[in-house]
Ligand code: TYD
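Taking the form predicted alone, here's one chain by itself in structure tokens.
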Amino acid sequence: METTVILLKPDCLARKVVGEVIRRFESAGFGIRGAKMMAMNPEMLREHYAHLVGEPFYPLLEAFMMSSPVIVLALAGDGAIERARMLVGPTDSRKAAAGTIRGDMGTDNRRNILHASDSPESAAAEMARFFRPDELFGG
């Protein structure tokens, strides 16, 4: 059993598709180990997006991610990281296939509904960043 982290971004909340996104993960067999709504801050975002901080678009990404709260999910299942990324689709929603979450609901490279961990290492770091051990259930 593997756990991945999903961030439902501000556009997901603004477009009122949170329930549909969670339904898709549950329908695909994922279990929810943790869930919370939180406001992101610059320090957290610089850590989370450390690989993008130097990019010219980073200030826009940071402003977008702080424009409203996000919902953070810890989802569990067999091969959760890879399976979640398949369900989510590529980062750029314009390149995502119909039937993927981003292909059906995203707008572009930034307003792409959600973030999904891309490796076991990033999933572990993101779980530690967003959840205390007592906020995770099941296994």
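Residue positions are given as counts along the sequence shown, with the first one as 1. Everything quoted here is computed from the prediction, not taken from an experiment.
Although not depicted, the form predicted in complex with this ligand is the subject of the following passage.
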Checking Met37, Val53, Ile32, Leu61 against this ligand in the predicted bound form, the residue with a non-hydrogen atom inside 4.5 angstroms turns out to be Leu61
Of 22-30, 71-79, 104-112, 37-45, the segment with heavy atoms within 4.5 Å of this ligand in the predicted bound form is residues 104-112
**Message:** Considering non-hydrogen atoms and a 4.5 Å limit, does this ligand approach Lys95 in the predicted bound form?
**Reply:** no
* Classify Ser67 as contacting or not contacting this ligand in the predicted bound form by the rule of any non-hydrogen atom within 4.5 angstroms, answering yes or no. => no
Within 1-21, the residues having any heavy atom within 4.5 Å of this ligand in the predicted bound form are Lys9
